[in-house]
Ligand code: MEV
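Next up: a single chain in structure tokens, the form predicted on its own.
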Amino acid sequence: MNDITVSAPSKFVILGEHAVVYGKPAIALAIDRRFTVRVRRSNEFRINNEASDIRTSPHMRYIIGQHNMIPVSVNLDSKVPAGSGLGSSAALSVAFSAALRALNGFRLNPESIAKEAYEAEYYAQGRGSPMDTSVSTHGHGIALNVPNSKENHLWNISKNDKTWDISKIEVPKMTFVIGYTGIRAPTGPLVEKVRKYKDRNKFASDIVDEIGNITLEGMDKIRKNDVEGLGKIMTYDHKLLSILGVSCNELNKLVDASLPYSYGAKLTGSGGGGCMVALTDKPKIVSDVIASRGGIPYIVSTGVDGVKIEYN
């Protein structure tokens, strides 16, 4: 083949933020904003038709190194806002890993792609869980740290002294509105903030346990397509995360504005900025109120496929 085009979905964490650090369950859903990568063989490394230094693209540099590739020309088309917590770098890593495999004539193996993309993320960022790359690879929805039946198990991913069990969730088509605050808040300090609070306060430890419990309840609501029940759990989860101190005025403002027109709303990701998400059947109204409060709205749908070759 002369060139290969592959796309992978972005995602958001619907339940389980911060508690997942302590072995509690977490759920991430793939959404219909995709990162598309087109690759072809070249005599030099190029990005979007411009000669580039591979060292400035650590995710792609790692993956190219795993395949002993000659230089390639890469065209990138992202519908995912960078730095928003929606998994743009994971979607890039997944799509690029799959594209190189297809370019070399290999069949797409989801487990291998998810693991290689995770290693690329770790190489580029020095931390992280395989949640983002797993949901971007598989699509639909995935859960971490959830006891699962054999047919729901996808793969295990290990790094250093940690092992994550990844299982799949069938996700119906639901409509969400994501509201981006425009604030880029590093994950590390927020995780450390929760750790310190939890270590010195049993109440905070109980909150973490409760987040784990309601995440399992939420998974059942997703499977049953119970949007009312899921929305209530989302709103409750936001209150718990706020008690842990990881929300902020900007997120609370967007959540509060969305709730009258939504089944539920909450921050998504590590907090401190980034995005919130509302489950709604009135996406236009929710988008408008988010914009009126200074947020950037994105209407998204779930129940989408994972990484796939795009045939023109």
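Just so it is clear, the model here is predicted, and its values are computed rather than measured. Quick note: we count residues from 1 along the sequence shown, nothing fancier.
Below, we refer to the form predicted in complex with ligand MEV, which is not included among the displayed structures.
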Worksheet item: So which of Val300, Val20, Ile290, Ile14 reaches within 4.5 angstroms of ligand MEV in the predicted complex, heavy atom to heavy atom?
Response: Val20
Fill in: Partner-contacting position among Arg107, Lys224, Arg200, Arg127 - heavy atom within 4.5 Å of ligand MEV in the predicted complex
Arg127
Worksheet item: Which one of these stretches, 71-79, 127-135, 165-173, 201-209, sits within 4.5 Å of ligand MEV in the predicted complex when only heavy atoms are counted?
Response: 127-135
Worksheet item: Does ligand MEV get within 4.5 angstroms of any non-hydrogen atom of Ser88 in the predicted complex?
Response: no
Practice prompt. Verify the contact flag for Val191: yes if a non-hydrogen atom of it lies within 4.5 Å of a non-hydrogen atom of ligand MEV in the predicted complex, no if not.
Written response: yes
Worksheet item: Heavy atom to heavy atom, is Ser270 within 4.5 Å of ligand MEV in the predicted complex?
Response: yes
Discussion item. In the predicted complex, does Thr187 come within 4.5 Å of ligand MEV, counting heavy atoms only?
Written reply: yes
